[in-house]
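Next up is one chain by itself, shown in structure tokens, the form predicted alone.
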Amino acid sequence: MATPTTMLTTETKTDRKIDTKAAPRHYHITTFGCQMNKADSERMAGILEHMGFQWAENPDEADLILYNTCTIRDNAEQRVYSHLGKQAIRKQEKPDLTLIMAGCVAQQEGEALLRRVPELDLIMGPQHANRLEDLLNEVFQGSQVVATESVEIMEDITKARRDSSVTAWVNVIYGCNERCTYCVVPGVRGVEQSRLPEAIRAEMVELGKQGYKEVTLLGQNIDAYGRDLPGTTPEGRHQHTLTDLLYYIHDVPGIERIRFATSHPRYFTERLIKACAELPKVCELFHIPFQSGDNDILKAMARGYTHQKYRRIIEMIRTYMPDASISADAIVGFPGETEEQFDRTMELVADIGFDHVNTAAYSPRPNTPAALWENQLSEEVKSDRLQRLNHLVNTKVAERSQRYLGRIEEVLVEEKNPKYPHQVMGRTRGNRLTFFPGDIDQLKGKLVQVKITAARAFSLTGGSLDVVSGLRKAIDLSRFE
């Protein structure tokens, strides 16, 4: 799949010039899509605040609006255009409004977006997130800018404006070298580029000093980490692998939990599973997409594994960590999928017992091989299969959640429950959202032992052992049991 390689600055438009030394300007970022996009948005927000911009909760009160976009599904892409259209109309009344489209749709469409939305000031692919200040300076000089050429990823040059003060994303590898026939990601995020272990550890050390307790290592295909870095061991394997990275960063002071995503079954190893079992800070959570339970469909998708291999991976994880949480992604309605092949996906979900599954109906994406195949399924068939799969997933996830009842779980407190202010909320090591009574001012960022009294499909309720032992007279826990 070809990647646009143009960096275009259109003719100067003097009416776009902006006095950046005037009163403080405000920005708003709307993020669509995956964890990688969320991490990119945090970095770009940090750059904007470094430039003197202030956050605006309401986009209609912002002087600069940035849409960080996702193109993995057509509906996500259409939502972007809906939001952008409203602000394009607003710009006609407020000419100094700066409109930016970043992320995967920007990379995919490039200069063509200027014909569709001429009000845009800056179009930038995800590889250019750390160049935002330089690109904006060109905009403020009166230019429309399109930045979609392939570049070497720059290390972070400013502090991210992180949405949480407890948990943080840390990118470890950008891009993807896989060529799944349905996926647009390699074309919009570029080839794999691993960050140096020393740079990753240095970022985590700084996070630990700032009081962050949990880090999630991110990569489109995180198991590929280090393949592009030089060096091999005497045994002939890559010197830098995700497993090696986990051992290298595990002792960072202040960081109490480490997660990683997203894994690819093709590269998932027993050595990695052993490391996760041995390293206390690494949470017992694995996100491993299977996409389909049928081998012929997996072959058509160019996934590089069989459903039997996927099942063996899960079996191996549960051998080392019987209680590990397993989440996954699945696609229904792939071109040519028969009812029997769909049934094999249902069988896999029923057999494994996932803790969570992200499901989607197949959506043809631009510049992907599968989008050109003639054996596309109807929207009615795809919708029906998605509904049936979702029903099964919800049933199995609810069953799986019941194992928590009566157990004591370690919960990292992140926020106050917005619905019930007397409760706080956080996540177990297996990433299950958990609510329990408590004071957020005292408990935020703390690891609390919680006895689980209610288990739903996607969340738990309980009471902390500290509260149970010392504060029962102040809080009637029976209301939550």
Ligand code: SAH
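Note that the structure is predicted; figures quoted are calculated from it, not measured. Note that residue numbering begins at 1 and tracks the sequence as displayed.
Keep in mind the form predicted together with the named molecule is missing from the figure; the text below concerns it.
- Just one of T243, Q220, Q127, T345 comes within 4.5 Å of the named molecule in the predicted bound form, counting any heavy atom, and that one is Q220.
- Screening M101, L389, I326, C183 for any heavy atom within 4.5 Å of the named molecule in the predicted bound form leaves a single hit, C183.
- Although the partner is absent here, K213 sits far enough away that none of its heavy atoms falls within 4.5 Å of the named molecule in the predicted bound form.
- The closest heavy atom approach of T262 to the named molecule in the predicted bound form falls within 4.5 Å.
- Proximity of P289 to the named molecule in the predicted bound form falls within the 4.5 Å heavy atom cutoff.
- In the predicted bound form, none of the heavy atoms of V252 sits within 4.5 Å of a heavy atom of the named molecule.
- In summary, the region of this chain contacting the named molecule in the predicted bound form, judged by heavy atoms within 4.5 Å and restricted to 130 to 138, 276 to 284, 360 to 368, 114 to 122, corresponds to 360 to 368.
- Along 319 to 354, a non-hydrogen atom within 4.5 Å of the named molecule in the predicted bound form is carried by D329, A330, I331, in order along the sequence.
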